[in-house]
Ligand SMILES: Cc1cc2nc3c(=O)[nH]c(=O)nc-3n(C[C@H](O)[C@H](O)[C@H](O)COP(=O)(O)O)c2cc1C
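Listed next as structure tokens is one chain, alone, in the form predicted alone.
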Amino acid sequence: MRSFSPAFCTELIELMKWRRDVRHFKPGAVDAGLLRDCLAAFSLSPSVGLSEPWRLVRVNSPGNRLKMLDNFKSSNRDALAGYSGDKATIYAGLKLSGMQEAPVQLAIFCDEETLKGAGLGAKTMPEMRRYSVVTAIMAFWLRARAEGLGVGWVSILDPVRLQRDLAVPESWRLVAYLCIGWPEKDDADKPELEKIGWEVRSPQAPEMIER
């Protein structure tokens, strides 16, 4: 049976701690070979029925990047309007996107109509395809962080508008918009949202309910 050393397990926990969502990036391109090596983590990820439903679009053109940024700004204004009091004040001061600085930006979709896998495991729970994409994103994220790269997941977006602006097939559904680059600083002691008082992370494993 394959086993791993205590030292490796300790390093793995450290990697999980350093996986923080990055929104502040330093100037500098990401080597194409390094990015390709990190993206290879997708091929190692599990997927329902071995369907591999992830579809990646690298957003490179200035025009498309501007559309993505405008999408975020509009969605962010709408989100801010939903808060009041202290939460609104804190929210207004948050940096929730690295889209203006990140050298690499990926829109990651799930192909809801993929024929690969012949529907195994997805006929009763079609959402499993999207869960598979999320699992692959996490594998990529850890690999990228192990190489020193930072990754930020932008979730304040209008997915329908984004799909339209990128002219992707109708069967593709947005799962993540990732900003990738070299982090401005390495600070893993606490999540940023915990530092500024937005929320508190649970310090231990979740409790299980027995039935």
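What you are looking at is a predicted structure, and each value in this text was computed from that prediction instead of being measured. One rule holds for the numbers: they count along the sequence shown, beginning at 1.
The form predicted in complex with this ligand is left out here; the points below concern that form.
Residue in contact with this ligand in the predicted complex (any heavy atom within 4.5 Å), chosen from 87, 123, 116, 95: 95.
Note on contacts: among 154, 180, 68, 38, the single residue with a heavy atom within 4.5 Å of this ligand in the predicted complex is 154. If you check this ligand in the predicted complex, you find a heavy atom from every one of 19, 141 and 191 within 4.5 Å.
Per the 4.5 Å heavy atom criterion, this ligand in the predicted complex is contacted by stretch 154 to 162, the sole one of 60 to 68, 29 to 37, 45 to 53, 154 to 162. In the predicted complex, at least one heavy atom of residue 201 sits within 4.5 Å of this ligand.
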